[in-house]
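Included below are structure tokens for two forms of one protein chain, each presented in isolation as structure 1 and structure 2.
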Structure 1
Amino acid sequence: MELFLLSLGILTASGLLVLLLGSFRTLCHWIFSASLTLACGLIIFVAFLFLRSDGTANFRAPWPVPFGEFSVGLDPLSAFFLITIACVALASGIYGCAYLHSYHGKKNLGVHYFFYLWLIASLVLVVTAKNAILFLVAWEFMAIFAYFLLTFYDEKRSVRRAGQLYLIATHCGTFCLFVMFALMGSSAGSMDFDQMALTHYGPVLTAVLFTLGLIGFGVKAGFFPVHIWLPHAHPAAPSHISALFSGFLIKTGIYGLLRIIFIIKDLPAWSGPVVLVIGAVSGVLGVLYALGQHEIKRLLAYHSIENIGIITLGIGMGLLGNATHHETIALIGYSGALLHVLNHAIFKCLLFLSAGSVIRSTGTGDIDEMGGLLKFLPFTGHLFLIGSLSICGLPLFNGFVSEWLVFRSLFDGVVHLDKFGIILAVMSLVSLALIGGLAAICFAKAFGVIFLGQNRSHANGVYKENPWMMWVPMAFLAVICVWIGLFPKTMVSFSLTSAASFISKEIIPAEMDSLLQPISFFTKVFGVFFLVLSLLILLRFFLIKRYPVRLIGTWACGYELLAPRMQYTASSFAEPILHLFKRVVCFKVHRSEMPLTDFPKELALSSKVVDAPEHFIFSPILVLLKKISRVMLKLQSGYIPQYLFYILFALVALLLWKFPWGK
């Protein structure tokens, strides 16, 4: 516990130090990098020790806040999330140093580093807090620090709008959490989580608490349809902050939901089916919306919603298994959800950092303005490919392991549950399979259009690979993706240990072997396939070196020269799939007027996917609130006699209220 508290002290102290030394850029870079590396290394070391020993530790200190106490603790759940925080924060922070090193604006980078370090400290406090007041304080600090990191480029109107939307959404969710913890504390007689866990809540109160938690934490996690802040925030932030947001900030919503499930325990029977439906809808619609995006970071933002849906499917199966007393289904479901929290954090952070590298080199995030970048950015391209294969859930990469666990819980549900449970499990299986197929199509589009073919940009310049300090953190994340995919036993055992704490179940070694056996089989088969493929590539390379080869242009269906206009664009690649789901995702295609000549020089065609909740639900509500605000603004005229009249009116109302009419 001492090492954990030391890491917190390093984060807070170094944050203040870089704030004071903000004018010395180089010194700030080194202090930030060293302190972040040391603190994250300590956090990973402590978390690994606790997960291996399956123990707990607590630290309490007096805090002069009503009902509050500085009470932090480590248990298997918080330790698993701490590993995720440390890996994402370390890679994003080191990448951010190089990303901002060439920034020539007038902003003080010491302030940015201060917010980053204190955001990590607040994230650590969120997942280790043992008192509701401390949790809410850390939650609010997390929201504020994240806002300032998000709005780094605040000179842009779109960035300011994204920051405003983020603050509104997160505080609406926080209001639900305030009400939930107030009700729990009132029933338990304490704001301490351990005391709350010992309290029995009535059926009605339990339903209310779970609903408030689902909404409050769901806004932060990005559940559909309360995800509207997420597609705006990720493209607006610097790339390393987008990676941190998607990698872990939204996972705090998952942590909060799991912590509430652990505290309340006796949840209503409908909680599992509701969470499964939320997961299926979020996953399928998230990937469909991603397929229709043409800006790389916005595409990745919608994939965050998709993967949150996969995590939620695992949680839903855990709840369903608990409700039907099938502990094995619950254990595998929770374990798959937890492991996918880590896996998604790793590969999505890798993808966002790769996207930032592409944007920094090309100066644009528009996919249709790219093409043929693999020969200019080989490190970035191949690391992006590893992230793409991981997010698609293909064998040999980490996404396959966690998605297999979720699949396994659904298969067990089909075999062991009643008729209603079988229907839910089958629907979830179909949705998870559809998510995987659509994700493969989406990243075939993204990687193919960005890195293969010819450059589509009008500025046919030579792009340069970014500094080593940017691609080394990306390589670190890529190694983790491959390591978990090839050797999953360690992280699967950690996720099972964390999941077992939910249902108080002992892990039988035979159960772990049965879970790992299919993964090992697929790994061996695909490993042999890729080994043979690698040998053939080496043989071809050797033969090309030994014997001369006649090079000719690619056959272009009779055309003499293959031009960039003949290639697939992001829109044309996704159009056939989106056309099938056009009524679900509001897919629209805009064409220019038909030309009068037989051989027109230019034709314009564009397509877009309309985010239905944003445009048809929340935007009209915002317009209505603005109209009401304009009316209410007239009450603040600045005219002093009008304010005196308000005071007089209030006094008369109080006198009438307190007048003894009955006597």
Structure 2
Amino acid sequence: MELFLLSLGILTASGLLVLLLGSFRTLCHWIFSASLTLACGLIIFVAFLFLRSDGTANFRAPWPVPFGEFSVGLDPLSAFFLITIACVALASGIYGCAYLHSYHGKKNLGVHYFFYLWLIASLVLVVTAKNAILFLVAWEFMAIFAYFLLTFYDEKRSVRRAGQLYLIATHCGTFCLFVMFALMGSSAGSMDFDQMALTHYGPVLTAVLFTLGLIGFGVKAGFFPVHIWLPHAHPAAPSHISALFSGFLIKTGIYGLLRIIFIIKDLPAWSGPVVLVIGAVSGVLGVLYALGQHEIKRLLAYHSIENIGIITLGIGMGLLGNATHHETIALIGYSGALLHVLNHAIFKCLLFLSAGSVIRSTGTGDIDEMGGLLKFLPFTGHLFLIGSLSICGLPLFNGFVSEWLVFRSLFDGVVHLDKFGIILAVMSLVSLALIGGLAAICFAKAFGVIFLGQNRSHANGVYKENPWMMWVPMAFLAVICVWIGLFPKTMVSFSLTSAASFISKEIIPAEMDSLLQPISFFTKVFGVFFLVLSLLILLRFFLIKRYPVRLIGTWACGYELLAPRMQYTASSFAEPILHLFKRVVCFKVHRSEMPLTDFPKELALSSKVVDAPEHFIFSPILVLLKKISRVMLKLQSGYIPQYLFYILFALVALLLWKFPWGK
């Protein structure tokens, strides 16, 4: 616990230090990276140590805020999230140093580093706070610091707008959380999480609390209809900040949801089905919207919604299993969700960082302007490939392990649950299978169009690989991806432990072994896979060696030559599948009028996917709000006597209200 507090101290102190030393560039730079590495290393160490032993660690200090207490504590759930934060924060922080190198002198990076370090500190506080007030304060700090990091390119109008949208969305969510914690606290008589967990809430109150929590945390996590801030915020931020956003910030929503599930305990019967439906809808629609994007970071942002959907499916199975007293289903569902939190954080961070590296090299984020970059950016390209394989949930990589756990809990649900449960499980199964397939399409598109083939841009330049400070953090993440993918046992057992403590269940070692037994088969199967693969490689090597290899252009199917413009673009790759789902995602194709001459000069064709909730729900609300505000604006005329009149009015109203009318 002392080490943990020490790391918090390092983060805050060095944050202040870099703020003060902002003008000394190199020094500031080194302090930032050193303190970040140290603090994250400490956090990982503490969390691992904690997960290996069992027990709890708490720290309390009085705090003058009403009902508040500076009470932080580790439990398996927090420890699991701490590992995630530390990995993501470390990689994207170091990467950020190099990424922002060209901004030295133009902007005060000391301020940026300060916000970064304090954001990490507040994230750490969010997942370890044991007191509702402390939690809310950390939550609010997190939102504010994230806003400042997000609006790094504040000279751009679109960035400022994205920042505003984020701020509005997150505060709408926070409002729900305030109400929720106030209700909880007033019925528990304390703002302490442990006290709250012991309290029994009535059925109506439980339903209200759960709904509020679902909305409040759902906005942060990016559940389907309230996800609209995500696709705007991610492309606006610098890449390492998008990585942090997608990697961890949205997971705080998941953490909060899990925490209140843990606290409330006797959840209403509809909670499991509702969460499953939210998960299925977010997953499928997230990936479908992602398919329609041709801007790389927007595409990745929609994929975050998809992965949040997968995590939510796991949580839904956990809820359903708990409600029907099938502990194994609940255990595997929750542990799948937890592991996917970690996995998604790792590979999405990796993908965002490599996307940033691509953008930095090419100067554009438009996929259709890229192509053939694997030759120019070998490190970035291969790391992006590892990330894509992981996010598609393909075997050998970490995404597969957590998706397997979620699949397994769903299939267990099919075997053990009653009929209604089976229908839900089958629905989720079908959507999860669909998500897997669609994600494969989307990343075949992304990787294929960006890194393979010929370059499509008109500039036809030569691109340079980025400095090692950028790809080493990415390689670190990629190694974790492969490690969890090939040797999943450690992390799966950690996630099982966390999930077990979460549903207050003791796992005996024998049960743990039986749960881990299929996982241990993975390693063996993959071992055989590599054996077979290396044999085949040897065989091919000897076969190819006999004759000299000829290198010529790609066969053009009888035409003279292939031009880069003839390649399949991202839009054309996504068109067939989007056409199939056009009623679901509002897919529209615009084509320019064909001129009625014999030799048409130029034709244009573009396709786009309209984000339905944004256009059909939130934009109308915004228009309405603007109308109302215009009316309200009349109250603020800037005319002093009018304000004096308001004061008088308020005074009289208060007097009339509180006046001791003769009894």
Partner chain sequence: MILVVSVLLRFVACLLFSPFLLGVIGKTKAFFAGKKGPPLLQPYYDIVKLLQKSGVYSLTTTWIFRAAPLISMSAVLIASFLIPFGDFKAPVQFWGDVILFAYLFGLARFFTVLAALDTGSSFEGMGANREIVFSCLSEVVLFLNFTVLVVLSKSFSLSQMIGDRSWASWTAVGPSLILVIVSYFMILLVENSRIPIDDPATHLELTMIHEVMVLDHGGPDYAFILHASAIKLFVLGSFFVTLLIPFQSHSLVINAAIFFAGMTGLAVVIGIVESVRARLRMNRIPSFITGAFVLALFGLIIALARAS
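Residue indices: 1-based, along structure 1. Here the rigid core means the biggest group of C-alpha atoms that line up within 1.5 Å when the two forms are laid on top of each other. Quick caveat, the model's predicted, so the values are computed rather than measured.
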**Request:** Specify the structure that is the form predicted on its own; exactly one of the two qualifies.
**Result:** 1
**Phe420 C-alpha relocation of at least 2 Å between structures 1 and 2, rigid core basis** = no
**Asked** When you overlay the rigid core, is the Cα of Ser534 off by 2 Å or more between structures 1 and 2?
**Response** yes
**Message:** Rigid core aligned, does the Cα position of Leu16 differ by 2 Å or more between structures 1 and 2?
**Reply:** no
**Item:** Cα shift between structures 1 and 2 at Tyr646, which is computed once both forms share a superposed rigid core (Å)
**Value:** 2.6
